[in-house]
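This document starts with one chain, in the form predicted alone, laid out as structure tokens.
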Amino acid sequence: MNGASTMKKFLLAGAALAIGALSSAAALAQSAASQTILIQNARLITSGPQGVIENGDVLLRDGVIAGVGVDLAAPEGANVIDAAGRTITAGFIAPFSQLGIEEISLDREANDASPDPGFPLSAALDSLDAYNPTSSVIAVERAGGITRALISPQAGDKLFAGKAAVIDLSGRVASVTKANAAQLAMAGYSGAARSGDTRMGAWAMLREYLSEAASYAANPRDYLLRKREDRFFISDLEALGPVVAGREPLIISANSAADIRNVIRLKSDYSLNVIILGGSEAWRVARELAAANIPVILDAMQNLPTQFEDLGSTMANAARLQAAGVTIAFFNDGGTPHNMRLLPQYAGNAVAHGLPYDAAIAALTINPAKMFGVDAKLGSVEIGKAGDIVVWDGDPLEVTTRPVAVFIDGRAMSMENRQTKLRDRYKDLSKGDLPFAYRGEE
């Protein structure tokens, strides 16, 4: 018996791919672990040098992408899946979130995203100390095609929020892709409100912290011996060491063109690796941002101003930045973890306002990977990269499109989550195995 006759064929998910004698998605999830998988006949949007491949194939082996092309030969013993023309992309990456550190926003016990006012530390806070890989929110966002995310603390009443990390959405304990991936700082009115209610105070404090961190990093022993102000905590200065050395990105929340120009100057003065978060008016300084090589993580739906620094906000922001050569990515709702799966819709709206389609896909895949230095492993469908791919039942940027299969590190992920369980439990409200209040009168 030859190898081809013994290969198993599996159904990816749902009736949309119900062709041939294929088994269930649950069977695939169980059997695909640590095995070789060949997905055939897909429209591949690679986000890499190969661009879009029609009728393409992807080979996953030992957790990585081992082949990308047309008419790939199936290795002996491989699980072969016919995508039947469906679209495949790299797994989408959320570039800013509180995923796994905020379960319920309004419940303090279930929300570790930020400290209460008056807590002394800021930059030293580490998102991984509060990260819960079994959070129920993770499976919901994964089912929406998000496979990796940057998780970051939110700022309390200090200018710095703490250390961010890149994680995968597998739900495994060992799901940290990159610790100490970035640090978050507040500028604009968010910074002013923490610094004497003036932007002058915010920028002066940011510079002072960076200067103190650089002084400490240059000679820790001498710094500890000399007289210094008690308001600078050593753990905060240690956390800022990689930032002032340029090894770790500093994400700065800023929206107005004036504040963004201050960010550009700050990068130059301290030789920082800077990323703008928000950037409502970033399009006004797009050429300056491109020249300074500063990426922008933006809300593609920001259109009407909510404060004075948003007066120039427009849904053409993404298109104008991209046209000027600025690297962009998308975030939503201030980083709340509960609607990250809407990022493809945000990208679709950006396309409707002038952003090229391939640039929108890049903003969901390779661009955030580049921002946080993980693009050698993530962000595109290329040989040697992690097997993070998503199979879609239509155009990924259309509101009615859904993933039918999600792979992380070459493993098929369950599409079941708290929302699907609630749907299945309560779609039939006839008397039966339901909570007492739902059973009706006896």
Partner chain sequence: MAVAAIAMLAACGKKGAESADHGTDAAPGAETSAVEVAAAEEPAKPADLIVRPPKDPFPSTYEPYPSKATLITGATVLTGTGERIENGAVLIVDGKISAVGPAASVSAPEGATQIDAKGKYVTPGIIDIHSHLGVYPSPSTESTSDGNEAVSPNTAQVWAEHSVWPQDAGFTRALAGGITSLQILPGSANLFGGRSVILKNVPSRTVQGMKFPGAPYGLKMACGENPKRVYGLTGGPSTRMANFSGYRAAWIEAAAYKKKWEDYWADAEKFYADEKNDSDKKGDEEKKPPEPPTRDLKLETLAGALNGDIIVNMHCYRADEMVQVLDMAKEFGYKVATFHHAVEAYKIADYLAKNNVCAAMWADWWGFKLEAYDGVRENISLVDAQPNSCAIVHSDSEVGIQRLNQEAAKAMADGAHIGHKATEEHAIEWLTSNPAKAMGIADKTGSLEPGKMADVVIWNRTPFSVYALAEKVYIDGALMFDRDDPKRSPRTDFEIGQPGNGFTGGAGQ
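Positions refer to the first chain, counted from 1. If you're wondering where the values come from, they're calculated on a predicted model, not measured in any experiment.
Separately, the form predicted in complex with its partner chain exists; it is not shown, and the next lines address it.
- Checking 248, 212, 103, 82 against its partner chain in the predicted complex, a heavy atom within 4.5 Å turns up for just one residue: 103.
- Interface residue among 272, 351, 181, 205, judged by heavy atoms within 4.5 Å of its partner chain in the predicted complex: 351.
- Here the chain stands alone, but in the predicted complex its contact with its partner chain, taken as any heavy atom within 4.5 Å, falls in 304-312 among 287-295, 214-222, 304-312, 259-267.
- In the predicted complex, residue 136 approaches its partner chain with a heavy atom inside 4.5 Å.
- The closest non-hydrogen atom of residue 411 lies beyond 4.5 Å of its partner chain in the predicted complex.
- At a distance threshold of 4.5 angstroms between non-hydrogen atoms, residue 126 is out of contact with its partner chain in the predicted complex.
- Using a 4.5 angstroms limit between non-hydrogen atoms, residue 119 is distant from its partner chain in the predicted complex.
- In the predicted complex, the residues of 377-399 lying within 4.5 Å of its partner chain by at least one heavy atom are, in order, 393, 395, 397, 398, 399.
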